[in-house]
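Each of two forms of one protein chain follows alone as structure tokens, named structure 1 and structure 2.
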Structure 1
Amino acid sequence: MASPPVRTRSRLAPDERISEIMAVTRQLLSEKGYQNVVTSEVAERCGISEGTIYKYFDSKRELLARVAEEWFEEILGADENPPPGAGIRTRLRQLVWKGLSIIRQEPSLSRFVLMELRSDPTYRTMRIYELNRRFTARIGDLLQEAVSTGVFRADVSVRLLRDMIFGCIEHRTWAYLRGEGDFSVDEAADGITNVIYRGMLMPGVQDEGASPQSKTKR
């Protein structure tokens, strides 16, 4: 009985081929930045013709957008539960830290989303927009909980607080994304969390981050 034919790279199933193309594109993004990714090199690394890429993606931009969408789906799928009984401050810092670490770990994809996709007039119709909204909603929901439970004052809107947090994250990481410096995720997360948490803490509510001595004095 004849042995079954050996499966070669050129005979991958469509979904496997798409996954391979996207994985190689993401690697090139990391190595070269989105502006220097060319589909001919993607094809060469995949062992296929450049035309095969356009069988699955209408353009290089669509390919990069799909890679960004997959990245956001990974982020949303990686639930990092806070310690049992964690308070507002601990959970807020965890989410701020997550937002900063995403940019620190994937600067090329972050640049592409912030500089290319978000400035597109059709951005709000893109799947990446909805995925980003789901991510930012996590902080919005936590801030609403803090207000509803009396931990935070209610005189500043949750939406404004959320925008302040993500504005801080973007400004703190902008030089890094331009290749002009670095930043400490932990230091930035502590600073942003402290400004929001202590600035909004309801009078009389104990500060979770206060030292034992300062708690006693209060």
Structure 2
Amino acid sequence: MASPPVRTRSRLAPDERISEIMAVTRQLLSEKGYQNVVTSEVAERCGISEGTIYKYFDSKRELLARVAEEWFEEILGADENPPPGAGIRTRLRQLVWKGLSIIRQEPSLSRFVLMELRSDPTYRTMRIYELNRRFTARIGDLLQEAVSTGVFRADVSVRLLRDMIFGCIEHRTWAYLRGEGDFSVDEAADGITNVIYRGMLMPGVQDEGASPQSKTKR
């Protein structure tokens, strides 16, 4: 092992320190999952003492929750509006694509939010709950609209459709995470949209046709 790197007592502005701690924690969360993030390792990677973490965060839980929130906000912030006058299919694809790419970009963090935080008794009171809810609601609203306007059949619940979409997104992503095969956001978005749209389209309604991929292509 190398001699310690000068061990100069680093001194940062609070904001920078907070950022650093959160960045390191995000990374760690990404690598190991919530239960396995340990304060001592956060401190070590930051090159600070454990005590310093507690200067800025009341508890490990708070730290993790804030990391998740920040990240979620970051991602959901960048929101394109749907093209005006776009049909159900186009708008559905856009949302599915967004969901896929979110998880694709930060899969372990997704997992943390989706699996760990969501089980927290106070989850419902956290800001991240609201952020999360807002996104799923957009898909739910779109599906509801499709049913209400007679574009979609009414024989499968909106609830189940939402589960199919998010379930597929999550499943696909985790498989990717575990190194199982490749994963194209565009292809997956197309596939999901196609199956759901065609599977739900009311007989007799004109199919919008697949939206040209280029529209949402990154």
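Numbers follow structure 1, counted from its first residue as 1. None of the values given here were measured: they were computed from a predicted structure. For the two forms, the rigid core is made up of the largest set of C-alpha atoms that agree within 1.5 Å on superposition.
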Please state whether structure 1 or structure 2 is the form predicted on its own.
1
For E41, decide whether the Cα shift between the two structures is 2 Å or greater, given a superposition on the rigid core.
yes
Taking the rigid core as the reference frame, tell me whether E50 has a CA displacement of 2 angstroms or more between the two structures.
yes
Is_shifted I18 between the two structures (CA, 2 Å cut-off, rigid core):
yes
Core-fitted comparison between the two structures - CA shift at T125, Å
4.3
Shift of the Cα of R61 between the two structures with the rigid core overlaid, in Å, rounds to 3.4
